[in-house]
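The chain below stands alone and is given in structure tokens; this is the form predicted alone.
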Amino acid sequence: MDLSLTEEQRLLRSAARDFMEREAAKEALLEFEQSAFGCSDEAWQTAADIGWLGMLVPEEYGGSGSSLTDAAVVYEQLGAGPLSGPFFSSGVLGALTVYEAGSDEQRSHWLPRIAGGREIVALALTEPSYGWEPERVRMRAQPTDSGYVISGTKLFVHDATAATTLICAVRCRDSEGVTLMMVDARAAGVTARPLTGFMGWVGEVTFEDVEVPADAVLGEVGDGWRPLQAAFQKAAPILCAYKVGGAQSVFDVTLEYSRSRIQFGTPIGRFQRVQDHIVEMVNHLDAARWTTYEALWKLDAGRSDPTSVHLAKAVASEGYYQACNHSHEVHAGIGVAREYGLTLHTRMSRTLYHCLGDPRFHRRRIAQTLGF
């Protein structure tokens, strides 16, 4: 198993770093934090023009059909910012869900628009009875002569205020399974608002008697959970790579601070307790990186291994979270100053901690997979 990057992937990483330097300097990131979209229109359009929003879309549907590892290389650099915006929600999770669940006609309609950045798709799955299991989906769609009417609330919807279309998980009266529907985010009765405390792109979406046409059902009625899980398995390691990029950036700034901050006439990096925090960061970062890229390697090689994906998600979520904690211990007061930039990662690590399931959820899934 060779987890090193190819020459093409190293060039892709370099291009992504250049993009971040141009489009997402620290001052810009602090400004994006206050916006509903999460990034600038210019950065979004540039990413679309480069082809990053369609990396996981097959060529026949307007994308580049890149490998999961190729996409992860790009998203690791986006996480180093961290650059928010609907890159992952639409370009990765949304695109994969449409591809896995949709008919060929639906793929032909939606995927070129997602790849071109003209359509921003977000998954509306979790509800007040929060969880990532199918039984947690309780929102109902009532059949009508022309389609369905849906009412209810979806919580912790990533990029809720930026989305133009929501992939809404519901239950229909004529089926016990989960059904996915493509709902116009601007339709009458749909209201989205950001949730305070998270990065601005996580929100609550309320549906009040929203009329949805019959052809908005993505795939088959009652058969939405199976393709959704297939999309999750591919999307989760890319989200992990984003967290690896964040943890690496936090480590880099902390290491530099420990070398330049002078206390009692010596760099604080020479103090044992500071060294302890930095070693802990290295351990979390290495664990997150190698479990992530092992999962990606297996998926790209056609070796389906859900355990590796669950392990990567648990380790990367915890790693990014703890890297920020140890960084604040080293930085002390300056670390909480917004203009310093560390709090962007702190909030992002908390925002993404539960996305696609928290570490406890994925450890339970590992136990179930292994038969415990």
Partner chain sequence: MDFEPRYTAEQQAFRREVKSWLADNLPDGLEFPADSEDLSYGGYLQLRELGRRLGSKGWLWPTAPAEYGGGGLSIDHAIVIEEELDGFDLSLPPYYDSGGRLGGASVLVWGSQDQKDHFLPPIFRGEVRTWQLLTEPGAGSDLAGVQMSAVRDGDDYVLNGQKIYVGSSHGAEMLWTIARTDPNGARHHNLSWFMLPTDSEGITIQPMDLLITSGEGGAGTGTKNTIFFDDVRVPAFNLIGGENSGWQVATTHLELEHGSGGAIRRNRMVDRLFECAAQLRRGDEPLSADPEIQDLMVDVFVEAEISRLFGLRNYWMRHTGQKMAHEGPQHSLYRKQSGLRAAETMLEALGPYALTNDPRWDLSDGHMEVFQRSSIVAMHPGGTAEIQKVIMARRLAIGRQTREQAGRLE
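Note that the structure is predicted; figures quoted are calculated from it, not measured. Positions refer to the first chain, counted from 1.
One more form of this protein, predicted in complex with the partner chain, exists but is not displayed; see below.
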property	result
Triple contact flag E23, A28 and K298 to the partner chain in the predicted complex, non-hydrogen atom at 4.5 angstroms	no
Selected contact from R173, R270, R186, R193, since only one has a non-hydrogen atom within 4.5 angstroms of the partner chain in the predicted complex	R193
Selected contact from T307, T346, S40, S64, since only one has a non-hydrogen atom within 4.5 angstroms of the partner chain in the predicted complex	T346
Residue stretch of 204-212, 229-237, 286-294, 245-253 approaching the partner chain in the predicted complex, non-hydrogen atom distance within 4.5 Å	204-212
Contact flag, R338 vs the partner chain in the predicted complex, heavy atom cut 4.5 Å	yes
Any non-hydrogen atom of L155 within 4.5 angstroms of the partner chain in the predicted complex	yes
Close approach of R140 to the partner chain in the predicted complex, 4.5 Å, heavy atom	no
The partner chain contact in the predicted complex: T164, any heavy atom under 4.5 Å	no
Residues in 303-337 with any heavy atom within 4.5 Å of the partner chain in the predicted complex	E318, Y321, Q322, N325, H328, E329, A332, G333, I334, V336, A337
